[in-house]
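In the block that follows, a single chain appears as structure tokens, in the form predicted alone.
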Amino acid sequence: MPKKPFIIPVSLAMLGLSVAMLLPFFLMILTSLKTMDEIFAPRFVWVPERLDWANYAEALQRGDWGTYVSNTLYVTIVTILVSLLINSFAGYAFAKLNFKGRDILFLLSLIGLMIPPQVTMIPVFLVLKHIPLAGGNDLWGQGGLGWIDSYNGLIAPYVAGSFGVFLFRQFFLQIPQELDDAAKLDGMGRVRAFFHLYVPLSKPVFATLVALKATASWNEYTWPLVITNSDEMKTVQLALSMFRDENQVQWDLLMASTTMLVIPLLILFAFTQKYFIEGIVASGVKG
């Protein structure tokens, strides 16, 4: 049981950290309600004299936000569904199936955690450009654009990942072997046991990966900038760049748009928070 003298300092430290993390979020909201004169005033204006809600309406009138949001939603949802399927299957295989070279393959898969995505960005781009019979390419992947400027190109690099496989493997390892033995006695095969026993027991790790994948896909900026070149394929993060030109950044409209784009992620995290924490703790992932 913790000693009482330590409770107050720890609470104050946690309060300070919470304020430090929430301050940028509140500054974003306050800036979205300011005028440009208040934003560029010589003395910093914390709270605007008058809440300028017109910034939100003006931001929505710039560009085709319906297309940008639908593109991002589609990419995010498909990425989540496919990555859950691939990562859970791979994690189950590494945790519960005995086959030759299993541990070596798992260690090799973890190399992906050590390589930053910027290193593999150009090779991945070239592979997607030369996908055979896609985007005007011939059988040898020549003559067309492949998956460049397409949904497939936006989704493909994110459907699998070493971290997701690691997360599922660690979680499945904690499920007792007796459950598999009972499934065998009931006549269940591996696939049926996975969907009828393991999936219902794995809500925390599924919710964790949903939250992580949704956040990463929704907020991704660099890869959509590389793989797309048309306004019809823009995602919301690329669309935010319309509020910046060579001479000036329209901070009022940029912050208004950013505030609106954060809302879906906040709602998602609110629904998955309980399972998210359980999934991280149960998988033994710290930090």
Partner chain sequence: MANIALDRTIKLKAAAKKRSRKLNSDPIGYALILPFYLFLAVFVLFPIAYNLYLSFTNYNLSEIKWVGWSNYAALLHDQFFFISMKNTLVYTAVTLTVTVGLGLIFAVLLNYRLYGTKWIRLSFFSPHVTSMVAVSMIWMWIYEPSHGIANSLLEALGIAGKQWLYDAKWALSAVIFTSVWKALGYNIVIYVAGLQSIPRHLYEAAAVDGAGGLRQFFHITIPQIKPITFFLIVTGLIHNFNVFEQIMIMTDGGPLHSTTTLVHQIYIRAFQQFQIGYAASLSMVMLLAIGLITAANFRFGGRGSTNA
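These numbers come from a predicted model, not from an experiment. Positions refer to the first chain, counted from 1. For clarity, a rigid core is taken as the largest C-alpha set superposing within 1.5 Å between two forms.
What comes next is about the form predicted in complex with the partner chain, which is not displayed.
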Candidate site 54, 134 and 204: all three near the partner chain in the predicted bound form by heavy atom within 4.5 Å: no
Selected contact from 193, 175, 86, 80, since only one has a non-hydrogen atom within 4.5 angstroms of the partner chain in the predicted bound form: 86
Of 69, 33, 233, 262, the one that lies within 4.5 Å of the partner chain in the predicted bound form (heavy atoms): 262
Contact label in the predicted bound form: residue 162 to the partner chain, heavy atom within 4.5 Å: yes
Contact flag, residue 229 vs the partner chain in the predicted bound form, heavy atom cut 4.5 Å: no
4.5 Å heavy atom contact, residue 105 to the partner chain in the predicted bound form: yes
Partner contact for residue 171 in the predicted bound form: the partner chain, 4.5 angstroms, heavy atom: no
Contacts with the partner chain in the predicted bound form - residues in 33 to 55 whose heavy atoms fall within 4.5 Å: 39, 40, 41, 44, 46
Core-superposed C-alpha of residue 26 shifting 2 Å or more between the shown form and the other one: yes
